[in-house]
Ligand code: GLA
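Single chain ahead, written as structure tokens, the form predicted alone.
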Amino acid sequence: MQIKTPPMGFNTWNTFGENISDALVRETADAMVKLGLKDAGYEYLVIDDCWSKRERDPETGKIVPDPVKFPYGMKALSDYVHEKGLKFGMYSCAGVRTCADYPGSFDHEFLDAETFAEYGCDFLKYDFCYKPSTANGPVLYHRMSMALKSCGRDILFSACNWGSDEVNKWIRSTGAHMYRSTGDINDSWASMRDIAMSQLDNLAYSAPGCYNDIDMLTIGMYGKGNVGSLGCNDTEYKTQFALWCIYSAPLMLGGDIRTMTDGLLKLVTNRDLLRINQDPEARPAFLATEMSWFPGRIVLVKHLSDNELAVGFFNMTETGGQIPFFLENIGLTASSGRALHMREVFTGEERTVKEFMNPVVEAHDCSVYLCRIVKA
């Protein structure tokens, strides 16, 4: 199974937690199509933890869907999602129990993979709670990978061990298609900022076939829901989405799609940002400016296909101010006779810059440009 660009979709956990149901998933599928999210590339609809009964079937050993939450079973729900042109995702855990204390897949990997295939599953998020201390973490992900490869269906393998065991150094070798490199996000500026800044040294561990997952997006939660916390404002959601895009991170929406505002819908379907995230070369961004006197004011640059560049100015601090960008730092010297023609992806403003620029970016805000090298 080839995953050439970061996966995009929706996951139930951030907003709904255990409060999931057949009706919720169907309504979300309808909204993904109606609002144009499917056409924008959001194709996976993933049910997270709390979908099953508390214990396995004593006769078959299988995990059983909760009959109250999912009265028609998972196959019927999967069929509905597929009829909408979307892909269906589910959740399990490498431990004996899931993080919310439902049956995990430890030592049941091959049975569970076959069960998920019977449901018509296209995506499996695989968590890391309640792992026996004697069990080897990397081996557990190899085990589920083998189970998925032999289940008779192509299933995207989303490894979620929260950055444990130096996961970035070995996860690609397991066959996983994306992997969590951080702890859980909550809907607050501090959580989003800390997660983003923690991954600046790990940007190179993301490439076609296996992407660094910095957790589901909280856009549109406004402090409500399962991981609601303090909430964010629209400027902070803008910065979150721009960072996830320039990081080549999977884009898994976590807010309630059914009530998403027009402004946030416009944000998450911004063609230029999605172009940056879904660029076929999937090259990592690199840090072109890091201000020691203002830690958190940074410039990130990402090489794109077709000789384009993405340049992002991010102010992660509490005060607005200038963020210097020396073109020397990306290889465009003053003597090169070259400049950058830059188009801002939110405003459409265009400019041509040689040697240096020093824009003002407000606190918690960002500015992102698509650029081409031109003769000065």
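Note that the structure is a prediction, hence the values are computed from the model and not measured. Numbering starts at 1 and follows the sequence shown.
There is also a form predicted in complex with ligand GLA; it is not shown, and the following applies to it.
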Can you say which of 160-168, 293-301, 194-202, 249-257 gets within 4.5 Å of ligand GLA in the predicted complex, counting heavy atoms only? 160-168
Report yes if all three of Trp13, Tyr91 and Cys99 come within 4.5 Å of ligand GLA in the predicted complex by some heavy atom, otherwise no. yes
Contact between Glu118 and ligand GLA in the predicted complex at 4.5 Å, heavy atoms? no
Does at least one non-hydrogen atom of Glu114 fall within 4.5 angstroms of ligand GLA in the predicted complex? no
Though only this chain appears here, would Met216 touch ligand GLA in the predicted complex if you measure heavy atom gaps against 4.5 Å? yes
Ligand GLA contact at Glu236 in the predicted complex, heavy atom, 4.5 Å: no
Using the arrangement in the predicted complex, list in sequence order the residues of 124-145 with any heavy atom within 4.5 angstroms of ligand GLA. Lys125, Asp127
